[in-house]
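Taking the form predicted on its own, here's one chain by itself in structure tokens.
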Amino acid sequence: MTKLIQWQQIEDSRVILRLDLNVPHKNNTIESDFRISKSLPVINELLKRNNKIIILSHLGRPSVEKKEPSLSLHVVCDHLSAMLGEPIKFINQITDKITFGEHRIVMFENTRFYKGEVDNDPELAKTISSHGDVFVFDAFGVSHRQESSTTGLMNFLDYAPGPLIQSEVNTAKSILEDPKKPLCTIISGAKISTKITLIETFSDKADHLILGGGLLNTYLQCKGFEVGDSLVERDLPQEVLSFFESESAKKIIMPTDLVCSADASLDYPQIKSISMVQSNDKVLDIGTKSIQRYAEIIKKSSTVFWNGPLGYVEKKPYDNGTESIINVLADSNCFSVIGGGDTVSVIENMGVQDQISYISTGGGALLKYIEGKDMYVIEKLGL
């Protein structure tokens, strides 16, 4: 029978360490090493206690049959090795016998290259477990997935939550259970139907709700405003329509102006009041007056939770709203939490990540936790 233990007490052992090193990369170059950097503390602490480390992670969603070379963890292995200043031995096959030699760390190839991983195959978990003495789970981004390298290993080895997942869960709990008020919540995305549970969860807790992207466009359309050829969700479920008519929806802060473009190339932006958007316009960002209004709310807030950029940040100048609000947040004294997604990339590019109170490594997992979805890994870890 396996049991829950404390990771700080692990010494002189072979530690199988599940991390979330699923990072954006292109042409063998890591585009963001945010998640990699967050893995350094647990690795360094385990090494201090004379442990050997066996790292597991996935990368993307590869086909088991094809095992695309572009989704190999080799590039991540090299990057992590450089950040640690420590050589890491790369192992291609999960069945290969591990010989550390002069190495203290080894990394297996992408776990999703192995048949049975996503199906939580116990035989695969048993094979993986044979390489180690104990299992440390520190991959918050996959804490909502039952796979061989997540929950599967807990059936064969004593297991412990790492410091990162503990931090993630504690931060989420602080926002859900006892946020410092006033609380401002910023939520964006393409479809409001996929975020309505998140919005409803915060609607009772938040003092202000700010919507962005397709969520805002859909809300404006429901309120009778023209949104033209913008990203909008047409067929709304009754749950969304009911929420828009509820008392809680009054917490949604209406923008006063928007940045639009009627040009197919989106090269000619115009700032328009929300009542002046035309049928051939695309709404792509919030305008300067809206930025000022949101900024004043944030400056008076004690807690801000943000998930998703406010505009079409892939093309300038439609990233202005998002970047402006990030600067306001960075200069404020509030407790700020960024719930993953493209907002993190913008913050990194601006170089203000150290001025944000907390940036989550697991956007999807964090949202599921806040929404109250089944998080078997977290329950198993006693968090």
Ligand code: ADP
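Heads up: residue numbers just count along the shown sequence, starting at 1. On a predicted model such as this, the values are computed, not experimentally measured, just so you know.
Keep in mind that the form predicted in complex with the ligand is not shown, yet the notes after this line are about it.
Asks: Within 4.5 angstroms, counting heavy atoms, which one of the listed stretches 190-198, 289-297, 123-131, 89-97 is next to the ligand in the model of the complex?
Replies: Stretch 190-198 is the one.
Asks: Is the ligand in the model of the complex close enough to 284, 314 and 341 that every residue in that trio has a heavy atom within 4.5 angstroms of it?
Replies: The answer is yes; 284, 314 and 341 each reach the ligand.
Asks: Could you confirm whether residue 214 comes within 4.5 Å of the ligand in the model of the complex, counting heavy atoms only?
Replies: Yes, residue 214 sits close enough to the ligand in the model of the complex that at least one of its heavy atoms falls within 4.5 Å.
Asks: So in the model of the complex, does residue 161 come within 4.5 Å of the ligand, heavy atom to heavy atom?
Replies: Close contact is absent here: in the model of the complex, residue 161 is far from the ligand, nothing within 4.5 Å, heavy atoms only.
Asks: Although the ligand is absent from this view, report whether residue 307 comes within 4.5 Å of it in the model of the complex, heavy atoms only.
Replies: Close contact exists here: in the model of the complex, residue 307 approaches the ligand to within 4.5 Å, heavy atoms only.
Asks: Answer with yes or no whether residue 231 is in contact with the ligand in the model of the complex, where contact means some heavy atom within 4.5 Å.
Replies: The answer is yes: residue 231 has a heavy atom within 4.5 Å of the ligand.
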